[in-house]
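Considered here are two forms of the same protein chain, supplied as structure tokens in two stand-alone entries, structure 1 and structure 2.
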Structure 1
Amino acid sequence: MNVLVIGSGGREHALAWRLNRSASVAKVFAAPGNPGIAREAVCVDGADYLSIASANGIDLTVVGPEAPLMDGVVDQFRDAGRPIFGPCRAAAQLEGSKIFSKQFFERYQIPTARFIAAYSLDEALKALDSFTAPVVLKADGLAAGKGVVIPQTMDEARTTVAQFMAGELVGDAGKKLVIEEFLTGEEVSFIALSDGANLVPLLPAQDHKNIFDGDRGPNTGGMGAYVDERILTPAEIDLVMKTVMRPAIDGMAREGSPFVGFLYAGLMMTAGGPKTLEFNVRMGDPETQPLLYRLRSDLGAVLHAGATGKLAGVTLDWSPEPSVAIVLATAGYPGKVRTGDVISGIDDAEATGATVFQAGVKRSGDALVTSGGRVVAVTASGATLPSAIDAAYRAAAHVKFDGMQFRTDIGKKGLRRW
């Protein structure tokens, strides 16, 4: 079959790369793609994905980022009778609105932090009285990673709430707020595939959201990730499936918007068990890179089964080796970034056995130059987590561009489990 990947980042490069190695897949297309994706797929420009799919005889479409999902691309494909793997617009609300998702957790007793939804400054200030610092403030709408603030004092919380409500922090997205209790524990990215009824879990992964080592500095889209069975015990995975993933899939089906696609739970593993910080309605970036690096199953066949209600009995086959992805980012990221710097060493990095998934990369004549904050994710595996970390950093050392920044501690939290 021919498969279309929608998107242009590192996650979509990993999807295209794995699909291109799937026995069931004849040809991969991507819209719009990037220079790395172009090694695996035919890249097509344009935002009319349905026309692109029909013009290229596409049998299955896979959506990478959240924006086209919120715009209803899945509803549009379904109306046209074209298989697509991703949630419809109504189901994408699980990521698109924090208030919707928190109230959904409440309706189906999905464990999460205690919260109050506030729709005005008065309500928000009143709500703050029932919390102690640090307290978590979340803009209701999508805010490109800037929607969550965790003030350390109640004075700061009152000031921040006023800024959100005045539209000063993230515009209209912050005029409705979730105020919630601060949880402590280790964060885990837990992703499963669903066809609306059946659930197939991927391996647990861990992201590194802050820009600097030791989880310091501002939040980013993710500076690196690793995939290791030891992140969760089999009993913890059972508990997450039973208390978080299964109720979410059953709840969405019951509400008339069955969830088809990748359901990503951002979990906090607290002393009181796993609690759901958020749902995303897509794969994580950079989690996808180390996840698909290890996947042995035919991804095209699995996603087609997901898009057509046939995931019952499907299980996934994985390489036993832990995998690690190191993100190399531009100067200034996650603030205002500098672009246009020449990138070298990708081939040398890959000659070590690693794969360099490209994100903020564009072609300029014969050269590859930086075009966005997160430039590449250098991904490798090893027999143990320490050797996987070592392999990824050894490969990453070959890639160079001016102003490059990266974390030196990706995977370090996992070492205590080895």
Structure 2
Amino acid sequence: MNVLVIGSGGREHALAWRLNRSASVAKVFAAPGNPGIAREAVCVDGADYLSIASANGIDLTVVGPEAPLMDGVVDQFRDAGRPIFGPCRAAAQLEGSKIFSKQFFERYQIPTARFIAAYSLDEALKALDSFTAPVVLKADGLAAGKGVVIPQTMDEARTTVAQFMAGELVGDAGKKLVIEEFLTGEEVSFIALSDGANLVPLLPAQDHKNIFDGDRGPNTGGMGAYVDERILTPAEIDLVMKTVMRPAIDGMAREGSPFVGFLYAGLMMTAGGPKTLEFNVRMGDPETQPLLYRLRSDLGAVLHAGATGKLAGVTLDWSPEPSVAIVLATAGYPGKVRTGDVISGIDDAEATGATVFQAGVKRSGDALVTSGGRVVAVTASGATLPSAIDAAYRAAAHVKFDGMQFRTDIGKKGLRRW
């Protein structure tokens, strides 16, 4: 079959890369893609995805980023009778509105932090009186992974609330807020596939959100991730499926918007069990890169089964080796970034056995140059987590561009489990 991947980032590069290695897939297309994706797929310009699918005989469309989902691309494809893997616009509210998702958690007893929704500056400042520092402030709308701030003092919290409400931090996305208690524990990314009724879990992953080593500095879209079964025990996975994932799928079905697609739960593993920080309605970035690096199953066949309601009985086959993705970011990220710097060393990095998934990359003549905050995710695996970390950093050392920044501790949290 012919498969269309919507998107242009590192997640979409990983999807195209794995789909291109699936026996069920004849040809991969991407809209719009990037230079790395162009090595795996036919890249097509334009945002009329339905017309692109029709013109190229697409049998399955896979949506990478959240914005097209919130715009209703799935509804459009379903109305036209074309298979697509992703949630409808109504179900995509689980990511598109933090207030919607937190109220959804309440309705279906999905464990989460105590919260108050605030729709104005006065409401937000009053709500702060119910919390102690540190406190978590979340923009209601889509904010490209930058909509969460954790002030360490209440004075800082009041200042940050005012900045959110004034549109200074993430624009209109921050003019409504979720204010919630700060949870302690270890964060885990847990993703499952759903066809609206059935659930197929992926392996647990761990993202690294802060820009600096030791989880310091402002939040980013993710500076690296690793995949290792030891992140969660089998009992913990069963508990997450029972208390978080299954109630979410059943709840969306009960509300008339069955959830089809990737359901991503950002979890905090607290002393009292897993609590849900947020839902995303697509695969994580950079979790997708190490996850698909390990996947052995035919991704095209699995996603087609998901898009057509046939996930019952499907299981996934994984490489036994842990995998690690190191994000290399531009100068200034996650603030105002510098672009246009020449990138070198990608081929040398891949000669070590790693794969370099491209994100903020474009062509300028014969050169590759930076075009966004997170530039590439250098991904590798190893027989053990320590060897996988070493392989990823050895490969990443070959990639160069001016102003490059990266964390040196990706995967370190997992070493105590070995």
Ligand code: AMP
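For residue numbers, the reference is structure 1: its sequence is counted from 1. Everything numeric here is computed off the predicted structure, so don't read it as measured data. We call the rigid core whatever largest set of C-alpha positions still superposes within 1.5 Å between the two forms.
Peer 1: Determine, for this pair of isolated chain forms, which one is the form predicted on its own.
Peer 2: Form predicted on its own: structure 2.
Peer 1: For residue 304, state whether the C-alpha moves by 2 Å or more between structure 1 and structure 2 after rigid core superposition.
Peer 2: Comparing the forms between structure 1 and structure 2, which are aligned on their rigid core, residue 304 does not shift its C-alpha by 2 Å or more.
Peer 1: Does residue 347 shift between structure 1 and structure 2 by 2 angstroms or more at the C-alpha, the core having been superposed?
Peer 2: Superposed on the core, residue 347 moves its C-alpha less than 2 Å between structure 1 and structure 2.
Peer 1: Indicate whether residue 172 shows a C-alpha shift of 2 Å or more between structure 1 and structure 2, with the rigid core used for the fit.
Peer 2: Indeed, residue 172 is displaced by 2 Å or more.
Peer 1: What is the Cα shift of residue 151 between structure 1 and structure 2 once the core is superposed, in angstrom?
Peer 2: C-alpha shift for residue 151: 2.4 Å.
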